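Form predicted alone, single chain, as structure tokens, below.
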């Protein structure tokens, strides 16, 4: 007896001819009510965030909070070292010479902002992602070169392999394939 291979369905992948078609298709997928889907393009397509119905990123708020934390930490470290830990009078300056703290306070803000932006981007994008089911598609290998794709995941509440495939054909998708994990 031949063994049957247990494969889990990832979703459906469709190719589109150009960025304009991809943008129009993304609006139709959004309007149809799909939630677990993505577009893949070799370059950013202007207006795609709006076409997909994406919300603004929370990264800016996170970076701002971390930047202020870095600024206050750098300021407090300088204040503590000059006023509390080592209260030495140097060149006739007062213990809390806060105008001279400006450069390092700014540098603390920049340091914390840079690291929080990097780590926040990794976290929000779920990186590093060493494997993705779409990598098994021969057509998908062209997404970073000259092709435009929409993938709809099987995890989507509205997903039905036949209906989703038919829908993608209706909105202009070519080379439609069902992807298994």
Partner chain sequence: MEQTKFSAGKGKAIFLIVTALGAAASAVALMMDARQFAFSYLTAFCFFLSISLGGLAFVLLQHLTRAGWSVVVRRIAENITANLMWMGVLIIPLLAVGIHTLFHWSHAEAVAHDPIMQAKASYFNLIFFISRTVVFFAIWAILAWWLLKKSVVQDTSGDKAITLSLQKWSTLGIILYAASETFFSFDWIMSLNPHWFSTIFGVYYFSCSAVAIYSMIIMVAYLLQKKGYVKDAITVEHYHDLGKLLFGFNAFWAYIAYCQFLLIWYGNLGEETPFFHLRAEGSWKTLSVAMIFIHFVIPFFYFISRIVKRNLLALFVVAVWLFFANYLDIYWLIMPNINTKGMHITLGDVGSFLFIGGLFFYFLLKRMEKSSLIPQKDPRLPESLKFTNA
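Given the structure is predicted, the values throughout are model-derived calculations rather than measurements. Residue numbers count along the first chain shown, from 1. Between two forms, the rigid core is the largest collection of C-alphas that superpose within 1.5 Å.
What comes next is about the form predicted in complex with the partner chain, which does not appear here.
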So in the model of the complex, does any heavy atom of residue 100 sit within 4.5 Å of the partner chain?
yes
Contact with the partner chain in the model of the complex for residue 83, defined as at least one heavy atom pair within 4.5 Å: yes or no?
no
Taking the partner chain as it sits in the model of the complex, is residue 89 near enough to touch it, meaning that at least one heavy atom pair lies within 4.5 angstroms?
no
Look up in the model of the complex whether residue 50 has a non-hydrogen atom within 4.5 angstroms of the partner chain, and give yes or no.
yes
Go through 145-153, 64-72, 132-140, 112-120 and give me the stretch that gets within 4.5 Å of the partner chain in the model of the complex, heavy atoms only.
64-72
Core-aligned, does residue 92 move its Cα 2 Å or more between this form and the one not shown?
yes
When the two forms are laid on each other by their rigid core, does residue 82 show a Cα shift of 2 Å or more between this form and the one not shown?
yes
